[in-house]
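In the form predicted on its own, a lone chain appears below as structure tokens.
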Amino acid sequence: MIRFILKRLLYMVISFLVVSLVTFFLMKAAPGSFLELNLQVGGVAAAASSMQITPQLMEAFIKQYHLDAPWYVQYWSYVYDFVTLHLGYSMEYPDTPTLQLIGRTFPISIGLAVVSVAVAVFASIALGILAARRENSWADSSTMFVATLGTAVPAYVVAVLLALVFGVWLRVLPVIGFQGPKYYVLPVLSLAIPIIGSLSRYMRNSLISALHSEYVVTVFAKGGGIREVIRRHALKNSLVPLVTVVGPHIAGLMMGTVLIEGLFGLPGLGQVFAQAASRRDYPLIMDSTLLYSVVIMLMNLLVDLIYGVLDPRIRKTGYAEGR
């Protein structure tokens, strides 16, 4: 198990370097930056005037952001500051550290993602058990039909439909803003419903396979009931394939919060990231992107650890077939 964890940590370090390099070069490939766009128009004086600061302070900003330095110096400064938690200042808000902007908005985004994953996993397990217990019945067919429909509809379409039904027609839930837990309901459902459709099918197929396995048939032959068999024998083994696919869904969900936050007007990190990208705010783009990547990798590591708990082969060998 220790070897398994060390291997995953090594993969995380390599992935972090790749993500940081790709983000940096894509960011630099866009024409100009927040400061350079103003400098190209009228020089230091015009840029300073647009930001309401003195030309001397503008020169200091250029040196602080290393805009006059080679690319590798700029790249290393972003990565080093992020790793050491000495994040710089936003170009759009020169008096506000990026760490403060992220700290104010990130809890909303991560809370939205975590709650959505929790809702999706619990609902998927319940629907998968319901369908597997009544294999090939109308309950099985109808449950899987709804699950397939939920998978086919994108999250932003689900968000619009939920906002129209519960926010406009019924007026039972708020649609725009963030002033309490009830403002989370529609965004969470918008993100969770497509994932529920996918995960519930995995759960149903995995549980059916477990119920037809030899050791479960033996339990049935000894007089075990369906509820006891599922709860004590089949459910744990059925969760292994489900946990395996949760990791990629978490990654997609983290990036999906950007669009959902915009639709529901949530003041999360997605809004900050979108504004930073449109205004070429280099420090904020790098810091928010690297933070997203680290969180996604940590969640995938957590999924791998849960996988190891469910599958004894991981604990013994640090490797499982198909991983």
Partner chain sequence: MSSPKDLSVIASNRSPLLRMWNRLRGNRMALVGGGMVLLVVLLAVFAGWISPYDYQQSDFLATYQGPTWKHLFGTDSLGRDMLTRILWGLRSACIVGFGAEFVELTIGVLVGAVAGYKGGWVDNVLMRLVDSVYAFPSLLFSIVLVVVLGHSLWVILIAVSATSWVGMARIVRGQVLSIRQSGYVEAARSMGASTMTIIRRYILPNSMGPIVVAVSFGIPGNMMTEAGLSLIGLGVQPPTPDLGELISEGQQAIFSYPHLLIGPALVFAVTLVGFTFLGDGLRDAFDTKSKR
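Quick caveat: nothing in here was measured; it's all calculated off a predicted structure. Numbering follows the first chain given and starts at 1.
Note that the form predicted together with its partner chain isn't included here; everything after this is about it.
*Asks:* Assess the spot marked by 103, 105 and 119: is its partner chain within 4.5 Å of a heavy atom from every one of these residues in the predicted complex?
*Replies:* No, none of 103, 105 and 119 comes within 4.5 Å of its partner chain in the predicted complex.
*Asks:* Quick check on this chain: which one of 139, 235, 123, 153 has a heavy atom within 4.5 Å of its partner chain in the predicted complex?
*Replies:* None of the other options qualify; the answer is 153.
*Asks:* Quick check on this chain: which one of 248, 111, 97, 224 has a heavy atom within 4.5 Å of its partner chain in the predicted complex?
*Replies:* The option sitting close enough to the partner is 248.
*Asks:* Is residue 240 close enough to its partner chain in the predicted complex to count, meaning some heavy atom within 4.5 Å?
*Replies:* Residue 240 lies outside the contact set for its partner chain.
*Asks:* Counting only non-hydrogen atoms and a 4.5 angstroms cut-off, does residue 309 reach its partner chain in the predicted complex?
*Replies:* Heavy-atom contact with its partner chain at 4.5 Å: absent for residue 309.
*Asks:* Quick one: is residue 29 in contact with its partner chain in the predicted complex, heavy atoms, 4.5 Å cut-off?
*Replies:* Contact check for residue 29: yes, within 4.5 Å of its partner chain in the predicted complex.
*Asks:* At the 4.5 Å heavy atom threshold, is residue 175 in contact with its partner chain in the predicted complex?
*Replies:* Yes, residue 175 is a contact residue.
*Asks:* Can you pick the stretch from 126 to 134, 215 to 223, 164 to 172, 69 to 77 whose heavy atoms fall within 4.5 Å of its partner chain in the predicted complex?
*Replies:* Result for this chain: 164 to 172.
*Asks:* Going by heavy atoms, what in 208 to 225 lies within 4.5 angstroms of its partner chain in the predicted complex?
*Replies:* Going through 208 to 225 in order - heavy atoms within 4.5 Å of its partner chain in the predicted complex - there are no hits.
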